[in-house]
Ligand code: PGA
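The chain below stands alone and is given as structure tokens, in the form predicted alone.
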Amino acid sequence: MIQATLHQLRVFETVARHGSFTRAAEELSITQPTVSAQIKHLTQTIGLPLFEQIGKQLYLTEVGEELLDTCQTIFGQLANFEMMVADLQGAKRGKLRLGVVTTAKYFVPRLLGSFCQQHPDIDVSLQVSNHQKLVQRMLKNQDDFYILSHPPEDIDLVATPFLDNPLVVVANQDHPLANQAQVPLKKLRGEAFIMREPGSGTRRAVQQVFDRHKIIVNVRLEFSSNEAIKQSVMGGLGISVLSLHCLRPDYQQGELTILNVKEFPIPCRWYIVHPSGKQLSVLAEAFLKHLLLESQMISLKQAS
């Protein structure tokens, strides 16, 4: 392994991540024959095959899986070393990788914007996914942090709450239940509902409330997009439950109304999480401190 070069390991890691020699060559801006040659040399150095091809699909062998874990550790430590050197020089450099659920896109870019203004030399990768896909990214340790409202309980994580995330019942402003002082939960029975897709954290929280009170609603539509849900509600296709964070400016303009339903809002919180035991980079530590400070200011503004 001492004979293996960092370039060969980088090529290998890129091929393993994409499962493709062609896509790896595109990312690295080299030719596919060069990629093949580097993998061949690395395989000869190790003495065991790193990939096996079944049909058109490329798979890692057992030793390939171990080498990928080793590469990710090496590159992570090198990246953290570069960040530490930059920090000692009085600057923050490096790449911050965030994975967030779709609803978080309404406020995370603002927090990122203020952080990037303070540290203009950093790069940011922001992956917006639904809850299930985000969990898959966690299991593969693909990002520095994950922001979501319902951290999975079956994964060993460090989860830090930082902001309230109330879930409210929303309807078209002309809905019959609009402007009623107190709407019993049972009045939602049979209502046409527009739901987030199965696997969504929001849907899971709503379903728990309905199951607890034995409420069955008519799910007319399912969307993975909060914007599609809002447009459908405004169009009078039904009512829904959404995070308060994603309603502005539609709620402020009077196109949507929040129904005063018992058991709502559902009190949820936003969490920033990372796998337990993960060594946070200098840049990741700085972002965590920034996020906690900025979220406190947001909470104070909302309270006032």
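Predicted, not measured: the structure shown is a model, and the values here were computed from it. The first residue of the sequence shown is number 1, and the count goes up from there.
Below, we refer to the form predicted in complex with 2-phosphoglycolic acid (PGA), which is not included among the displayed structures.
Among residues of the shown chain, residue 196 is one whose heavy atoms approach 2-phosphoglycolic acid (PGA) to within 4.5 Å in the predicted bound form. 2-phosphoglycolic acid (PGA) is not shown here, and in the predicted bound form it never comes within 4.5 Å of any heavy atom of residue 97. Not displayed here, 2-phosphoglycolic acid (PGA) is kept clear of residue 187 by more than 4.5 Å at the level of heavy atoms in the predicted bound form.
Looking at residue 111, you'd find every heavy atom of it more than 4.5 angstroms from 2-phosphoglycolic acid (PGA) in the predicted bound form. Interface residue among 229, 206, 163, 101, judged by heavy atoms within 4.5 Å of 2-phosphoglycolic acid (PGA) in the predicted bound form: 101. Here the chain stands by itself, but in the predicted bound form one stretch of 68 to 76, 142 to 150, 118 to 126, 177 to 185, 142 to 150, has heavy atoms within 4.5 Å of 2-phosphoglycolic acid (PGA). Along 261 to 292, a non-hydrogen atom within 4.5 Å of 2-phosphoglycolic acid (PGA) in the predicted bound form is carried only by 270.
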